[in-house]
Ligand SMILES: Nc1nc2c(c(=O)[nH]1)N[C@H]1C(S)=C(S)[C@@H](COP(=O)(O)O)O[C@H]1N2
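Given as structure tokens, the chain that follows is alone and in the form predicted on its own.
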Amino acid sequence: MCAGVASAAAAVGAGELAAAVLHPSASPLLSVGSLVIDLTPGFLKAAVIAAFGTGDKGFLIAVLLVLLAVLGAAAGLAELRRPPAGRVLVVLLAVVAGGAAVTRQGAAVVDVAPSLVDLAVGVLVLAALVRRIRPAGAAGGGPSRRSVVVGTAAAAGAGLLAGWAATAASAGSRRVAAAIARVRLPAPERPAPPLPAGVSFGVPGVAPFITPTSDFYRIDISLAPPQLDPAAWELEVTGEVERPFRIRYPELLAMGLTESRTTLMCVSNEVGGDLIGTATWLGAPIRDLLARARPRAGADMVLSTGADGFSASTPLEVLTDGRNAVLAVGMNGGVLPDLHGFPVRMVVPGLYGYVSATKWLQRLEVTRFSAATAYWTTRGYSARGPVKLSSRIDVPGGSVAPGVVTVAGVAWAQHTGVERVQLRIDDGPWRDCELAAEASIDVWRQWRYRWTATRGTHVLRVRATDRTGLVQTARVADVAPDGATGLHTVQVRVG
């Protein structure tokens, strides 16, 4: 078993190092991880995201490392008892890794090379270690010094495996970081209006009005962000249009950029969840590119595709109705980070990210809902994903002292606007809360209520009402197929 684990560690470690030198995106470990993500049923993905949030990718890598160790141990036992069965298993694993690498979006034939390194090192190391162990096993008398060394090497190799994988990912990240550092974004032709006074109450524990870039949630289908060179990047606008065209990064920057604030959220955000954030985005209006392409009559959807293989189905009317739907190149005053879609991503107010927020964007295809489906719609989610009216309690949590307590949080009714927020304490009446100033109908709004808390355990519930008079529903629904519903409820102990 130790020999198998050691050979697996050596093989995958060598493959990751080869990927770091040749092409980080061809990492066998990350390629298999991305394949697993693609093959995982939608309901299971939603469950993992609900359980681990933005730590879902770390969880998957940990699972893959454990699985590799188990398969390595199995290969070692098979090779010891029925050679060359163990080496055959190593070959099969390398074939899976190579297939995953060359079939991903934007892959080249050369991307199979790191998996070939996996195969060669795995077969050679496994055969060599088993040859050394077998004589000791035949003689009886327990493990030899050699087998102890093998076990130690296996443990050390397994520990180094994660470091090698990180090396493969960070090599590409350094190149992208250098490319980002060279980008000089133009000043917006249409800057965002100044924030009105009072958009934030400044209540400790409440999410800041603008989410810092480092804290902005990241949910996508890629274990590591695609490594895109802005000098080589281009966007294809095609499909049911009169004038298909391609546009390069410098041309996009020269279009006349607009700056806007938009709250984005993942469809996997549970009621009261934190897969939501607000940022200031700099980008080119999507409606300008579509006007240039001239969509044909009957088209009703734009299928966007990213370099990671993700696709989203966005209603054409939403991209042309005047809202600040942009191809973003900047975020919170800086260049768009690689983790959030560098060099270009979509930002569309009013829609969940699974139908609008394509990162590492490469293609916009004007088409019809009846003719095309996107990544998540093929996995059981709704083809259209308008954001649902919702609200959240950020504070208090746990225990508080008796007396006046500030209950506060955020609410959103994207592209409609929040008109009212109400709080219910235990089985009492719904009480109106104080609303912070509104920056726009496309961002969340803070609220607060000063509660005279009495001793005991209390249940707090919150609901919002939008500008059309729609009241947030209390009906509980799961995130699938088009977003969770229900009232955020917290229990607070006063004493």
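All of these numbers come straight from a predicted model, not from anything done at the bench. Don't overthink the numbering: it's just position in the shown sequence, from 1.
Beyond the structure shown, there is the form predicted together with the named molecule, which is absent from this document and is the topic of what follows.
Chemist: Decide if the three candidate residues 285, 292 and 365 all line the named molecule in the model of the complex, where lining means a heavy atom within 4.5 Å.
Modeler: No, none of the three is in contact.
Chemist: So the named molecule isn't shown here. In the model of the complex, which residue out of 418, 264, 301, 326 has a non-hydrogen atom within 4.5 Å of it?
Modeler: In short, 264.
Chemist: So which of 210, 219, 127, 77 reaches within 4.5 angstroms of the named molecule in the model of the complex, heavy atom to heavy atom?
Modeler: Flagged contact: 219.
Chemist: Based on heavy atom distances of 4.5 Å or less, which listed stretch (405-413, 242-250, 181-189, 210-218) is in contact with the named molecule in the model of the complex?
Modeler: Among the listed stretches, the partner-contacting one is 210-218.
Chemist: Would residue 87 count as touching the named molecule in the model of the complex under a 4.5 Å heavy atom rule?
Modeler: Flag for residue 87 set to no.
Chemist: Just checking whether residue 310 would be counted as a contact of the named molecule in the model of the complex - the rule being heavy atoms within 4.5 angstroms.
Modeler: Because a heavy atom of residue 310 falls inside 4.5 Å of the named molecule in the model of the complex, the answer is yes.
Chemist: Hey, in the model of the complex, is residue 360 touching the named molecule, heavy atoms inside 4.5 Å?
Modeler: Close contact exists here: in the model of the complex, residue 360 approaches the named molecule to within 4.5 Å, heavy atoms only.
Chemist: Against the named molecule in the model of the complex, would residue 388 count as a contact residue? Criterion: heavy atoms within 4.5 Å.
Modeler: Close contact is absent here: in the model of the complex, residue 388 is far from the named molecule, nothing within 4.5 Å, heavy atoms only.
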